[in-house]
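Presented below, as structure tokens, is a lone chain in the form predicted alone.
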């Protein structure tokens, strides 16, 4: 909860105006996590026993609260994490839609029946909640990502202990204010904190499953810790996403779409385009079109309706991104646009486009999580697929082409959890499975009907006549 003066440890400042303090919050530690898990455990059994309709009604009412506070929440998202205001409004709308979707999903069939061996008995497999689930969420979608974890967890009857990012504590508290009054008891517990609080949550024996979104290194550590003590783990860990532009693509349209996917919200999305791979025949034209599209993006205060890029979350993130661009150029890359900090208040970086020849180069292999994109050339579609697949991540690939036959072929050969055709890499549909291959994800997919696989377990029940 918010604290006063010297007791506050987590400080939230506006990344577009570091002199604007959003709030100060008391961080929790291991003892706070233990108390939260105990409270959630005490509430879990009663909550799981509720009729599914009661859980659904709670989520519907919470969605109504989000909608009633839409303008306030969008302004808070804009101010706390620097998201352009149009995107912030979209995130609030999506959050309400996620809550409503999973409210309805709570009423889906909860199992299957099977033929019994004796022909008389009832043999079935039913889904049941896991109990207490731990949720660790990032700052870049400070209410939507928590919602797509909390909503299915609650829909299927779990109690939750949630540790939000220390970069978005105010957004987390605002979302909890929408949820808590509509829930029948303290079934969502929140602990503000940093890595130590997250580690305490992952390692707690009273937590039966952990859903995490964040970096590869932390996600791997979360998965190991959970598996070692027998808990389920679901980890979404980012991407090094490619947009493939084939020879028959509409270059102007593709460039406009890719520029926004790469640089929008300062590239701070796990689905942002990090690499553009051009068929050799299109390379020169695509280079010119993409440079024009990138340079045409508005980098300004995210409160402005025209803003598309905005600031990075912190000065450290901005400086790290600028350093990555510098290393990329020193290693042989050709800077085509941007790459340096802007002379303005806030953590701004001019969107950077770097042409890269070496597929093993840092900018071609490592996620920068900033408005930085590598432009690469491939000799044909097969070579483009090889380049796209040649990274440790596997979240999403976009393909720009008019050739349906080629699309059907490539969709089966790309090693990513999502393939999008003539669309930005950065789109996500809340009713479809979301997650990646390779280093991008561990465990079951998130969102849509797929969420049930993680937030429930199966119990097989055989009921036979007494005689």
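Computed from a prediction, not measured in an experiment: that's the story for all the values here. Residue numbers count along the first chain shown, from 1.
What follows is about the form predicted in complex with a small molecule, which we do not show.
When the small molecule is considered in the model of the complex, only one residue from 323, 344, 195, 253 comes within 4.5 Å through any heavy atom, namely 195. Proximity to the small molecule in the model of the complex, taken as a non-hydrogen atom within 4.5 angstroms, holds for one residue of 338, 129, 333, 238, which is 238. None of 357 to 365, 210 to 218, 99 to 107, 377 to 385 except one has non-hydrogen atoms within 4.5 angstroms of the small molecule in the model of the complex; the exception is 210 to 218. Taking the partner from elsewhere, residue 123 is found to have every heavy atom lying beyond 4.5 Å of the small molecule in the model of the complex. With a 4.5 Å cutoff on heavy atoms, residue 166 counts as touching the small molecule in the model of the complex.
Contact annotation: residue 140 falls within 4.5 Å of the small molecule in the model of the complex, judged by heavy atom distances.
Heavy atoms of residue 199 reach within 4.5 Å of the small molecule in the model of the complex, making it an interface residue.
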